[in-house]
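A lone chain, given as structure tokens: the form predicted on its own.
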């Protein structure tokens, strides 16, 4: 099972230009609203026609602008979970699902109803269902189609937290059992991490290189990567000689290649003709530590701080702290146990160099 997609489509001032090649795996499309994620799925499904490029599903070319190939949606064998569910309004739940099963497979209906928490709703029409119930019905119908590939557009958005978790597990199990290629659109970074194998980050219609999910979350390379994976502290940084400065956060320290978390981004920038390279640094809020918990021989940036705001979560505290000469505060999250010890020590924090992301545009 595979999906090859290399297409371009222009919509007014917006241009979608995306390229990737997936195998038998679940790949997430992650990006801000309006970056082209849903349009990519619609082009693969045959609902929208790209201006140029090629789409190949399991070795079958379904779109090729040069050779004038454009198979209709019904011949692409794509299971597509729409954001608006696309249920038949004049059919009950059981008939919506039964329509794709056919008479020879109707014995599978009770199992599907139970799996997707629809037992007892069989005789209801879509107008009588909640958003989450409609979504579960649409998921059951899509899986029942036994498609070649599966396209999921925000599939769990309308579900409450308990059902979201349950449906994630059910869908993941069904996908694994079927051995399908899956493209999965979501704004939820934790959901993306749990469900996907690899991730394609999209920004303003363009795609970055497909990345293994652990690599993306542990070593984001760009500003957009860090932002989408939940990094709360990102600001411009300037490298002048060996001095790295992030003035917005009041951070300044000697830079040494390989000390920060990254893949040599600064080395690449340093090879430009410019003597001073402007890029970004990123610091996850949980990577900041009280200095008294960090060994003195650990390579880290250390500074005094003042607390401007304290926010209590269920299991953690979030502190908005300002360093000397900083233009904006840092977000610092810690366990409640550590928070209770802060008053007994000098107000100094430490950020290990290995926890600081070096980022490019």
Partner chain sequence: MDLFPLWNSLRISLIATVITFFLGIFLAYYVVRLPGLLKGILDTLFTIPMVLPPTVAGFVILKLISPKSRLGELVRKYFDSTLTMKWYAAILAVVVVTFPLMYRTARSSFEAFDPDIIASGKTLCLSNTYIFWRILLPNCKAGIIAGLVLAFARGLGEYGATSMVAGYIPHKTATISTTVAYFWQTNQDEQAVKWVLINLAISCVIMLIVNVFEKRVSYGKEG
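Numbering follows the first chain given and starts at 1. What you see is a predicted model; the values in this text were computed from it and never measured. Heads up, when I say rigid core I mean the largest set of C-alphas that superpose within 1.5 Å between the two forms.
Not pictured, yet referred to below: the form predicted together with its partner chain.
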Does its partner chain come within 4.5 Å of any heavy atom of residue 132 in the model of the complex?
no
Should residue 141 be counted as a contact of its partner chain in the model of the complex, where contact means heavy atoms within 4.5 Å?
yes
Contact between residue 255 and its partner chain in the model of the complex at 4.5 Å, heavy atoms?
no
Report yes if any heavy atom of residue 161 sits within 4.5 Å of a heavy atom of its partner chain in the model of the complex; otherwise report no.
no
174, 121, 157, 91 - the one with a heavy atom within 4.5 Å of its partner chain in the model of the complex:
91
When its partner chain is placed as it is in the model of the complex, are 288, 293 and 305 each within 4.5 Å of it, taking any non-hydrogen atom of the residue?
no
Using a 4.5 Å heavy atom cut-off, which stretch among 161 to 169, 71 to 79, 183 to 191, 231 to 239 contacts its partner chain in the model of the complex?
71 to 79
Going by its partner chain in the model of the complex, which residues of 47 to 70 come within 4.5 Å of it through any heavy atom?
47
Can we say the CA of residue 91 moves by at least 2 Å between this form and the one not shown when the core is superposed?
no
Shift of residue 210 between this form and the one not shown at or above 2 Å (CA, core fit)
no
Hey, does residue 102 budge by 2 Å or more at the Cα between this form and the one not shown once the core is superposed?
yes
Closer or farther: how do the Cα atoms of residue 143 and residue 164 compare in the model of the complex relative to this form, given a change of at least 3 Å?
farther
